[in-house]
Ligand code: LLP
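In structure tokens, one chain follows: the form predicted alone.
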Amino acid sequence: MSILIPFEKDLDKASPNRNIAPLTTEIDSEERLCVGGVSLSSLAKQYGTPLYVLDELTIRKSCKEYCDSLKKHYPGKSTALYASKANSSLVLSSIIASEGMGIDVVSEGELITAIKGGVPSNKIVFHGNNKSISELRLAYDNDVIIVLDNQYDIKQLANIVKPGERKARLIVRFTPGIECHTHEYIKTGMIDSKFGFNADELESIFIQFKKIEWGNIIGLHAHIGSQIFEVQPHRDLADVMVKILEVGRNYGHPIDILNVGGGLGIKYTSSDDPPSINSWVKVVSESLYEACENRSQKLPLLMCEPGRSIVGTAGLTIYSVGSKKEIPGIKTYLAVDGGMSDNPRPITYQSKYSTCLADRPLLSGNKRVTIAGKHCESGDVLLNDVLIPDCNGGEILVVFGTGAYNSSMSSNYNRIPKPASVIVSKSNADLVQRRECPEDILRNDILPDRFIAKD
């Protein structure tokens, strides 16, 4: 199995999202797999398994490609935001801030993480289809751009912003009625979606806000899905958004932001063929420019919200191999010390991944196995029918492409503690999230006095 694409100057060929492994992946003199100059088996010995590993260079290169491509292809102002739902942490927020990007958040926890990680509040956008009063108040108090998802948001904000106070900065989210070929659960642009206003409601929203003094509609937002390999839907989206932009401006609203969401896919397996970051940005930029030209509209600030394509390829998970079950003529199960609690995507989305052994990465696979997790669930399978070298308990298995929606969607199913996370760069590894222990899981449990046995 080929996991590496050599570094190239050509943006389309070197784009991190088109690589299965992190960009710093290499084989050392002992034929061990290394990332960021650190062998993965040595990380397993030092920090234990399962372990999330992030490659700093791959994250930074992804950020730079979005920012540079926007400057290259879009003649107006632009801002790339990191969709922190993909993986939220202080270290990722710090990297995003240092690369000049903004961030989008969907909860109080993600917002606090972004702020404490150093992201300027004026570069934060707050999403959510059911925001609480406390979340909206925190966002408003920090002058964060708030995305209006429904009338409930409007009602809540009307009770938060007092007369004479600073106006809230608002972006209206709507469903553009555009579908793309991705998993049903991660389609968000179709009309039947829990997110956003229907497009035919927007004129009434513009009329409603002519009488509202506590907030300004400064932008529009639409997002069509996740893990997308197509570019045509983004061409269609630009035209739809500019039509609505024109209507909003005609009603006197200072709409100067169009946020096209994110959704660019990454290469999980050799059969995946996503567009590069550069080519995706080029299509989005040129489509928006053409749509504005056709309607004689001033170019808005272009926002996009990549998440998976920033951190997905940058991350991997290492496991220790445990038990083996052979069913002659049917299947061989190889169990690891993690599973659906640290990676729920296979059981949720039927997601596929690539794998190899950390200390024998160049050995051709001669054994077809199914990599199973340790949880009490028949569906707890990380990889189905993959070829790897015959291996024994205690060996280290690497699963690539786990930087997005693994740590952020992890759970304590079966009361299993969450893994630690490290970031690697220039032969150094830094712990960025501590491993949970069983006592951490019990921390919020309360046993009322009447349940305590009396002597």
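One rule holds for the numbers: they count along the sequence shown, beginning at 1. Remember, it's a predicted structure, so these values are computed and weren't measured experimentally.
The form predicted in complex with this ligand exists for this protein as well; it is not shown, and the discussion that follows is about that form.
S.K.: Spell out, yes or no, whether the shortest heavy atom distance between L264 and this ligand in the model of the complex is within 4.5 Å.
M.R.: Although this ligand is absent here, L264 would touch it in the model of the complex, with heavy atoms inside 4.5 Å.
S.K.: Taking 4.5 angstroms as the cut-off for heavy atoms, does R345 touch this ligand in the model of the complex?
M.R.: Heavy-atom contact with this ligand at 4.5 Å: present for R345.
S.K.: Considering non-hydrogen atoms and a 4.5 Å limit, does this ligand approach S88 in the model of the complex?
M.R.: Close contact is absent here: in the model of the complex, S88 is far from this ligand, nothing within 4.5 Å, heavy atoms only.
S.K.: Given that this ligand is not shown alongside this chain, does A83 nevertheless sit within 4.5 Å of it in the model of the complex, heavy atom to heavy atom?
M.R.: Contact check for A83: yes, within 4.5 Å of this ligand in the model of the complex.
S.K.: Heavy atoms within 4.5 Å of this ligand in the model of the complex: which stretch among 285-293, 305-313, 358-366, 88-96?
M.R.: Of the options, only 305-313 has residues within 4.5 Å of the partner.
S.K.: Note which of Y333, Y251, Y349, Y152 lies within 4.5 Å of this ligand in the model of the complex, where distance is taken over heavy atoms; exactly one does.
M.R.: Partner contact (heavy atom, 4.5 Å) among the options: Y349.
S.K.: Let me know which residues along 115-132 have a heavy atom within 4.5 Å of this ligand in the model of the complex, or say none if there are none.
M.R.: Residue within 4.5 Å: H127, and no other.
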